[in-house]
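Next up: just one chain, as structure tokens, the form predicted alone.
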């Protein structure tokens, strides 16, 4: 891990950009962190860190106010990273099916989501190795955000994840539904009930499949980007309770 820039935000939060090999990322630490600070990995959709930065920084600043460090990395195929083979074709097929009013087939979902998950999860684990080697960062570790399939796979295979907040708002391949049964950490799942791009029943099936003894589904009326502030605050309290 190599830090490439540093700034202090207006609330004193320390923000550092880094690269892990060729992967860009950002680390936020509280103005007066505990030694060492618990860590939240901030997941996000594959829209690029530049586009996602305002929302990610806001989430990191809320976490810092509770004494948590936060970090994120650029996803495969996003930003300036090389595009993933086959994913653009899958997006085109998805768009055609949506315009035609057709059911989204499992083959399209697999081709769209699995290449990202299979590349991203090892990268997140490598980033976690590097972050936990820093003297100011320690456990426990939480995960918060989307793509939900990425969060499911990471929670299933990474034993250092102690709790997770998952955003139900993206397609879920069949293999990920099976992997959900291996997830046993405490979960808080956010679902927008009227999300026009999300299969509500698939999200409910995924929630039912999770093997966690402690799991909460927080469903709210509204579309994909309409998560109410109180729901986000409840998710923050969940992580604070399990990581604090």
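All figures in this text were calculated on a predicted structure; none of them were measured in a lab. Positions refer to the first chain, counted from 1.
Not on display, but discussed next: the form predicted together with a further copy of the same chain.
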Interface stretch in the predicted complex with a further copy of the same chain - options 63-71, 199-207, 47-55, 176-184, non-hydrogen atom within 4.5 Å
199-207
Touches a further copy of the same chain in the predicted complex: residue 217 (any heavy atom, 4.5 Å):
yes
Contact between residue 8 and a further copy of the same chain in the predicted complex at 4.5 Å, heavy atoms?
no
